[in-house]
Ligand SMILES: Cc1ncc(COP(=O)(O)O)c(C=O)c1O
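Coming up is one lone chain in structure tokens, specifically the form predicted alone.
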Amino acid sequence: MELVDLSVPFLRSRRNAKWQRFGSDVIPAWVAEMDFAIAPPIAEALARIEREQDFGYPSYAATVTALAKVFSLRMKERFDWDADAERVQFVSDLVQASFASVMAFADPGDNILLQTPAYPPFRDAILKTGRRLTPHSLRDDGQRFVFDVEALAAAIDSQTRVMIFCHPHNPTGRVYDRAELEAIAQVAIRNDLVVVSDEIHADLVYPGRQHIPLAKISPEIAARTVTITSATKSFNMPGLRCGLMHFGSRALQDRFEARIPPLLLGHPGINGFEATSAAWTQCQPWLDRLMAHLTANRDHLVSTVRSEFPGARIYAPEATFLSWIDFSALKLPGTPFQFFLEKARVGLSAGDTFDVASREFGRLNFATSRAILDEILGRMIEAVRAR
């Protein structure tokens, strides 16, 4: 299946947040959304709903059962993970799943561990529900960001109940290997923690690395892991609002449902269900084409940053279409977000929204056409040279 680039005029004509947040002269490279047309089978699934005027109440029991089975088959085929289809709860998005999990497995005042830098809504899920956030910083070892298991264990106290785990990691792009996952699992088991494992980027892993679901590591860690995921990131349809939670044991699901009745979460709409089913059953060729394009863009970006921004630090992401760049050596006036927005008219994600200690970082989304990526980089290079 061909990967179709969307033109800048077309992208600006739509109502989505990515291209509407900044001024009309700014090229956005911030939110995790791609500048490509959706795969044809997804488009056809949505068109079929319109043709058939299928906008009534869905038969939720049958729809949920069918898509849960599709999910289970997908996990087995892609990751050799036996994910029980009966342990699935659908949600509108994974932020909803994060909030619900924190509220289900921790009381106000309890301690929640969170890797930093971190996707900002994870922090909101902790602080806005009255829980206590304990950051656990990934460590830069000079080649990539690594999980410091000793520091993780030291951060746990008698009120620690949950760890939010982003795997693959956003924003650093790390894909944790089996040894890292086994060490993390042992800490969680030893300290009786529930792990909320966000694995939405699992399909977006580059050659040379492999995604291993945390719940696959052992029955013991599976029994305390809530895996949250969705097809929306990999197949570029976040507005269709369809995600899921997978509980690694019936006991864990019972604990969740005792505090968060499933009906409180609602259901995704029929468009989200049908698009997700099409993505997971018919669109692997499209995803393969996407990954080839993203690999080329990633390598081009890394090479350009290293050659044109002396001292800037970038590690090639092992997954995601997001790069985490340390601009501190450039000694830019203001933060990188402010500088590149004002001087280059490029909209990055601000580093300090992921971690207050990361104000000299910027996150750059490279899931776009090569022409747009080159325009982004060209503007940034010119701005740095002209300061």
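All residue numbers refer to positions in the sequence shown, first residue = 1. Just so you know, these numbers come straight off a predicted model, no measurement behind them.
Just so you know, the form predicted in complex with the named molecule exists too; it's not on screen, but the next bit is about it.
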_Just to confirm, with a 4.5 Å cut-off on non-hydrogen atoms, which of 94, 100, 222, 194 contacts the named molecule in the predicted bound form?_
94
*Sort through 286, 280, 119, 90 and report the residue having a heavy atom within 4.5 Å of the named molecule in the predicted bound form.*
119
*asked:* Taking any heavy atom pair closer than or equal to 4.5 Å as contact, tell me whether residue 170 reaches the named molecule in the predicted bound form.
replied: yes
_Interface membership of residue 46, the named molecule in the predicted bound form, 4.5 Å heavy atom rule_ = no
*Counting only non-hydrogen atoms and a 4.5 angstroms cut-off, does residue 298 reach the named molecule in the predicted bound form?*
no
*According to a 4.5 angstroms non-hydrogen atom cut-off, is residue 27 in contact with the named molecule in the predicted bound form?*
no
*Candidate spot 5, 37 and 293, all three in 4.5 Å heavy atom range of the named molecule in the predicted bound form?*
no
*Sort through 132-140, 146-154, 182-190, 119-127 and report the only stretch with a non-hydrogen atom within 4.5 Å of the named molecule in the predicted bound form.*
119-127
*Counting only heavy atoms, which residues in 188-214 are within 4.5 Å of the named molecule in the predicted bound form?*
198, 200, 201
